[in-house]
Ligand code: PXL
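Shown next as structure tokens: one chain only, the form predicted on its own.
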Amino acid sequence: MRILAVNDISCVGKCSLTVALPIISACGVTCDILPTAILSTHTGGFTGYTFRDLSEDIPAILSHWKSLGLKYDIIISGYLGSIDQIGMVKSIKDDFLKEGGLMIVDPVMGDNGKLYAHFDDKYVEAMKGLCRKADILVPNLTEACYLTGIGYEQANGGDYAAVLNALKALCPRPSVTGCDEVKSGKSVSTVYYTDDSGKTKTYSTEKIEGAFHGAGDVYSSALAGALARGVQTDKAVQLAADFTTASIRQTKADGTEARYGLNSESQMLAFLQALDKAAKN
């Protein structure tokens, strides 16, 4: 199995490729990377960060890869800094994804009901085009709302199933993370997702209060790694959600500044043990 992760490199603040590469590799899967940009830190919670767009370098990289005959079982895309890069990823799927392979799109655009800086409605429309080429879509609630046109306040009021169903117009197997609910008197964070047969399902974990940067990258990377190991979607979602929640819980217990990312390393062994057991069943 070989995965290509297309995302930025934030040198400080664990997210994007500095999360995807170690997690996917630890799953026992070859992970190649295509950096879209290099930042001194990620953009959440830091000021004065540097940003270098790598768009001009990508065509030469892809040309070299074509000469090597590279093909991928899974391609997963994350932060894309421009509409041009969205177009590049569309072409990457056409040129480098194996027949029968999976295209996973994490449409990184915003959080807490708002788009990230430098993104606008034109970017959202372009991202919809990429989502239509995806086999699996993993937005958070904010991103799902922008992709579907459903108001964030309406969705956050509990109408998560409607958001998921609207996403099916873009992608056959969407999911939505970060859906806060109360079940049996307890606050939980729920993933609304579509299983391998197209059925809507949910999986809930403990809701841990606070804002934790890089959680979505931990989830999507663990999900991709589990799917690459042959785990079915139901179990892959559970493994990824449990791993992410455990990492958030540990980060809060350690008192780590949230902007520096999750302490997922401490939870990696338990995740890999659970993954290995699931992959053998």
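Quantities reported herein were computed from a predicted structural model and do not represent experimental measurements. The numbering used is simple: start at 1 and walk along the sequence shown.
Below, we refer to the form predicted together with this ligand, which is not included among the displayed structures.
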request  = Select from the listed residues 92, 167, 108, 179 the one whose heavy atoms reach within 4.5 Å of this ligand in the model of the complex.
outcome  = 108
ask   = Just one of 72, 79, 146, 193 has a heavy atom within 4.5 angstroms of this ligand in the model of the complex, so which one?
value = 79
key: 4.5 angstroms heavy atom contact with this ligand in the model of the complex for residue 116   = yes
query = Does this ligand come within 4.5 Å of any heavy atom of residue 39 in the model of the complex?
reply = yes
ask   = Does any heavy atom of residue 44 come within 4.5 Å of a heavy atom of this ligand in the model of the complex?
value = yes
Contact label in the model of the complex: residue 15 to this ligand, heavy atom within 4.5 Å = yes
query = Residues in which of 269-277, 256-264, 21-29, 7-15 have heavy atoms within 4.5 Å of this ligand in the model of the complex?
reply = 7-15
ask   = Along 190-218, which positions have a non-hydrogen atom within 4.5 Å of this ligand in the model of the complex?
value = 213, 214, 217
